[in-house]
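For reference, the chain that follows is the form predicted alone, supplied as structure tokens.
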């Protein structure tokens, strides 16, 4: 897909690249090309977030996790050649496929944030599950579309996270 684009992908090409017979591809992916593409997208998304987890490392708190995550995810997204090509040339084919895996992504990010929120001093009235859901959705949205925020700049990510995303959720220690 990275080399020739999603539109040019065939089961025959997949079999040739994998060094297997076309029938083997169909046994593994009975849905044919559509199932192969769906599996490839799911695999790429899982790999993206596994790599992101390594980029973030051991963040001592929720704010640091989000700051590192936004910067690293934005860099990974911008440098992902296959995805960038697909978004520019074949958005109509790739966006619906990404949409099918996004509920799983949201669930995974929400679970991580729920775990992290349990270790934070929450502001009065904050419901951890609801806050985690909102933060997960905002985090993922900002990765794809940061608006006026320069997420290549760790200081900008810090201001965004501490001044906007977490300001009404956790009691943050004053800077200094």
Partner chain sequence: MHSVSGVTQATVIHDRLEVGEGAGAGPVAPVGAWAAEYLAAGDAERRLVEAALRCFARWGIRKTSVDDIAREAGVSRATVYRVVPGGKDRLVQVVLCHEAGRLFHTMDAELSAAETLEDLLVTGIRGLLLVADGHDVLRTLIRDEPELVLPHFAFHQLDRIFDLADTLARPHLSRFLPPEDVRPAAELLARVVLTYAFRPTPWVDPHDPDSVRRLVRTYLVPALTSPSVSEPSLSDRTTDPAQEST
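Positions refer to the first chain, counted from 1. Note that the structure is a prediction, hence the values are computed from the model and not measured.
FYI, the form predicted in complex with its partner chain isn't displayed, but the following is about it.
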Query raised in the report: Counting only heavy atoms and a 4.5 Å cutoff, which of 22 to 30, 51 to 59, 65 to 73, 119 to 127 contacts its partner chain in the predicted complex?
Result: 119 to 127
Report task. Using heavy atoms only and a 4.5 Å cut-off, determine which of 142, 113, 36, 45 is in contact with its partner chain in the predicted complex. Result -> 142
Query raised in the report: Is residue 162 close enough to touch its partner chain in the predicted complex, meaning at least one heavy atom pair within 4.5 Å?
Result: yes
Query raised in the report: Would residue 18 count as a contact of its partner chain in the predicted complex, using a 4.5 angstroms cut-off between non-hydrogen atoms?
Result: no
Report task. Using the partner position in the predicted complex, report whether residue 1 sits within 4.5 Å of its partner chain, counting heavy atoms only. Result -> no
Requested in this report: Look up in the predicted complex whether residue 82 has a non-hydrogen atom within 4.5 angstroms of its partner chain, and give yes or no.
Outcome: no
Requested in this report: Just give me the residues of 74 to 102, first to last, that have a heavy atom within 4.5 Å of its partner chain in the predicted complex.
Outcome: 77, 83, 87, 91, 92, 95, 96, 98, 99, 102
